[in-house]
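Laid out below as structure tokens are two forms of one and the same protein chain, each shown alone and named structure 1 and structure 2.
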Structure 1
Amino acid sequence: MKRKIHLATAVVALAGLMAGAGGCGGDGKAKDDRPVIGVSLLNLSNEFIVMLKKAMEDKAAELNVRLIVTDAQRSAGRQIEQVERFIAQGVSAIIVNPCEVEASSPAVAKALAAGVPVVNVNSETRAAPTAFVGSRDEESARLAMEYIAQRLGGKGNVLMMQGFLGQAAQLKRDAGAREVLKNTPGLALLAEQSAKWDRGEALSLMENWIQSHGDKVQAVFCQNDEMAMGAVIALEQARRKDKVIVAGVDAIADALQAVRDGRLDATVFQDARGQGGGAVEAAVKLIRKQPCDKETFIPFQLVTKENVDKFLKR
């Protein structure tokens, strides 16, 4: 009886290993002979990353490749573990949506050392991947902060909500915003703090800022729309939104509707479909040994009430 139990346990364990491999053979192909691409995403509780995932899945279906999608939940350590599993499973290529510039770099380095091509999407690592598909994050911050400067006539007090510290988007959007602040001496940065790309954290932070700075606050630049929506809600609850300009980045559905309704002043459109689909296209080219651009940058676009309907239709 004991031997039968042990045999059953072994069968279950083997089945688990095969399931963990996602049906991927040692040649990097699925059981149906399609190439398999491992994908490690930053955080699937973020709406923009969900849009990125949908775009990847659509493009994978179009190009007849299979994705194994994992959620790093903002942990660079977890992202490294996911990439190590992809390497062990023998995937044909890996797409990384990095959690951090430095801490996620070993994930890219390990894959390249194992001979697996890597495409970074949306965000960067210090370790250079085989290809990169994304946008220039400095540009998004410049567009948003220049909009704020224009609305304020080049003079006023601004708050800045940072994203998750150490991630490429946070670092570069910070740099882009500071460039505009430097070139517009009439703008003063009252305070800055990370709300970790999160709506709830942003709401709490904005409540604290309202208490600390009161009527001095004239504008808020939030490095993504989740934080911008949190800031808007806090300002609305304090009955101060009509006195404060708020701009975000990403053009997620909530933000676009808020711009149309006059609640959010502006957002900056980041093309999730272009980035996600482009990353899968790049990975497939690398798998097939076809020419592939080392870097692909997709432009940002400012969204205000005047042009929001065009983006709502996308």
Structure 2
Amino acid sequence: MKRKIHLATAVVALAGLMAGAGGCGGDGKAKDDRPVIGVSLLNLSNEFIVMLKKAMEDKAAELNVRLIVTDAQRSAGRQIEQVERFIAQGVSAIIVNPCEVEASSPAVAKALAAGVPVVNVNSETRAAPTAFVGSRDEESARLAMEYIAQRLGGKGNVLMMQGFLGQAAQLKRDAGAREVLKNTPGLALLAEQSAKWDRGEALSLMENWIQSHGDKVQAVFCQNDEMAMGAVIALEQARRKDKVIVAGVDAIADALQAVRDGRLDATVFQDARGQGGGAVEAAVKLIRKQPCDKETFIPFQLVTKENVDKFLKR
């Protein structure tokens, strides 16, 4: 019995190995001499990252390079392993969409030590890459909070939903929002809490806030759209949406639709196409040893009912 199980395990393991090896062999056999760029993405269950990936693939097809796309599933450890594998495979360049500022740094450092150019896209690592393509996250929160300040005439009570505490995007969006709060003395921050970027968490948090702060709430700033949608749903169910302004960041498809329908007041468009395409362009420049900007910042844009149609078409 025991031996049988060992044998079965071995067969399964072997089949797995062969499938893996077969995959690699197949790729190499096709006499594909296009340069290869390894991509390690933060998390493919996030809509924005999916858009980033699509933009990269389109740009890669346009520039005739081949991408190997991997998903780190939010684990910096996995991200480092993926980059190590890229180095071993001998890719021409690596694009890292970092999971974490500190913990993903070794991934960048290892690639640089191996002489492979690295482009960081969307967020930063402490170790400086060869090039960075992204946006200044502080700016997104500033745009949203300024919109709230303007709608409230510079005076009112605001709630803030934070992302996963300690992540680069959370820290920066927090800083951007606080800057506006500091410069607008009439705005009072009633409460702030993390809803972990998650719609369900945000829904519950908003329900609780409606209970505890009730009529006092005039606006909610959410550090991403998933949470903004959760807040909108809770406010709608409590029949308070018409009294509360909600703004998010990212301009995911769902949020854009909600802005058009007048459910969500504003979101901030983070240009996935610009960032993803820009990252692949930078990587190709580096492979071809052409001059490449050390940092490329893609601007954010505020999206409201007035201009939402422009973004829905993209």
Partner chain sequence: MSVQTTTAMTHPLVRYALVLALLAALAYSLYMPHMTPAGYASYMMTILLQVSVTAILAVGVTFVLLTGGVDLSLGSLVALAGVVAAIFARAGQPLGVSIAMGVLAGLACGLVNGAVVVFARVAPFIATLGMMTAARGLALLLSGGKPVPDLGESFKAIAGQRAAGVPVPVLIVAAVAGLAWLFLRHSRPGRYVYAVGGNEEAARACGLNVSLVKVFVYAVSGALAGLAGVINASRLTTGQPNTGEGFELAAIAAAVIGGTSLSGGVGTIGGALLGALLMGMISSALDMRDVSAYYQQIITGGIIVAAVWLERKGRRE
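For clarity, a rigid core is taken as the largest C-alpha set superposing within 1.5 Å between two forms. Everything quoted here is computed from the prediction, not taken from an experiment. Along the sequence of structure 1, residues get numbers from 1 upward.
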Point to revise | Displayed copy of the chain that is the form predicted together with its partner chain | key: 2
Exercise for review: Superpose on C-alpha atoms and tell me the smaller rigid part's rotation against the larger one between the two structures, in °.
Suggested key: 10
Practice item. Would you mind giving the Cα movement of E207 between the two structures in Å, after fitting on the rigid core? Key: 3.1
